[in-house]
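Given as structure tokens, the chain that follows is alone and in the form predicted on its own.
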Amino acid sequence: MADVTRRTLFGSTVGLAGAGLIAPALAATLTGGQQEPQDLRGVVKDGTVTLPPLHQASEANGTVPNPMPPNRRLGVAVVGLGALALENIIPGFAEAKSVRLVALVSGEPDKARIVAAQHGVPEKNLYDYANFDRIKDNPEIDVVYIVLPNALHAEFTVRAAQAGKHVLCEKPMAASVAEAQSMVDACKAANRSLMIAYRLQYTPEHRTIIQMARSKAYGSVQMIEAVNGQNDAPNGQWRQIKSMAGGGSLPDVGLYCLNAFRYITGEEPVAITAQMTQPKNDPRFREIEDVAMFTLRFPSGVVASGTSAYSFHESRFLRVHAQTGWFGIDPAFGYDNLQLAINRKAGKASATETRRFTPHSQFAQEMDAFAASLHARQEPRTGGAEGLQDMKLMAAIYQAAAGGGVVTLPEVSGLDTTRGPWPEALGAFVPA
């Protein structure tokens, strides 16, 4: 083999071909020989690149990401550097197309400096909870993403809005209905947009479930069931302190079931029943509930059954039962590996179809959706009204569990009354 020098390796394609590092056909293409058709190289229009499919329609064909240039992406400050922020949200910026990480807020300066260095955040854009209000003077920050314990959501949403920043807040929206209402009021007064981080409403798996339910692909929906449980360590984490979390498994993981029932049907419940457990010999449950079981009845007649827990092995499934088939996701509420299944009659047999979607960061999808709504000057799909309604319904679930009876609610006419439009950036999907 010929000697490879920097000159022969990088100086010319002839050198690469001569060294045997490029196949002859590719070398011919690079050096002016036969080339593939021009139309296969893509089309550039309106700042985007489009490539033709390389495979038949029966095969999966990818799409070009077409991210915005960095200087056009909205700048985000992440508030709180716990597990969710470090393991999922901040890594999600690498896949996001419309936002970029520009600032960090933490009560631990050493941690903040390390994370900032890892992700290219300048030290001048590091804040703590005391000087948080100084973000008002930082034009790089457009959006504040609040990833703090639930009891701090209201305070930092209000402060962010007063600083002139839009707010993306983790779920549950707050630790109480009153706090949630104060968040809505503060953002409205400041003319700032508020979105609650219901990431699953922006995923293709859950959007497909919504579409199948609303279009009656397998007849009318009769029942929905969901379980979202995990086995938490007895380590005194903030989720086990009622004053910080607002409750136990219900607002943390049970909320996913509750919200799914609402966005699948598009309706609001008219009746709620519930039961909860609080084991007295388990230190995890000195202040909060363990298992929460609740049922909802909707105006259309659909009934939904949800269960959450902090004491059993991870189980996260969602299933919609319709007249001629069922469809669901298992696992349904995690950050990845979601798998959709459909069961229906096939001749004289019962057939189950599975669908696996191309994996993407759910946090990138939700942040890009928020950016799309801001660019379009639209209400976010999961704005403050969506989070506030869930807070009210969880209060009703606690009421039902305490009283042992049925809590009735006024009927709400119309569908998706607490939701904004679907961002165009998510594609043409609109529930039927």
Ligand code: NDP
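This structure is a prediction, so every number in the text was calculated from the model and none was measured. Start at 1 and count along the sequence shown; that's the residue number.
Heads up, the form predicted together with this ligand isn't pictured, but that's what we're talking about next.
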Non-hydrogen atom within 4.5 Å of this ligand in the predicted bound form for each of 81, 153 and 363: yes
Proximity to this ligand in the predicted bound form, single hit among 179, 268, 170, 290 (heavy atom within 4.5 Å): 170
Partner-contacting position among 132, 317, 238, 93 - heavy atom within 4.5 Å of this ligand in the predicted bound form: 238
This ligand in the predicted bound form: contacting segment from 213-221, 299-307, 252-260, 340-348, heavy atom within 4.5 Å: 252-260
Touches this ligand in the predicted bound form: residue 111 (any heavy atom, 4.5 Å): yes
Partner proximity in the predicted bound form: residue 148 to this ligand, non-hydrogen atom cutoff 4.5 Å: yes
Proximity of residue 107 to this ligand in the predicted bound form, heavy atoms at 4.5 Å: yes
4.5 Å heavy atom contact, residue 272 and this ligand in the predicted bound form: no
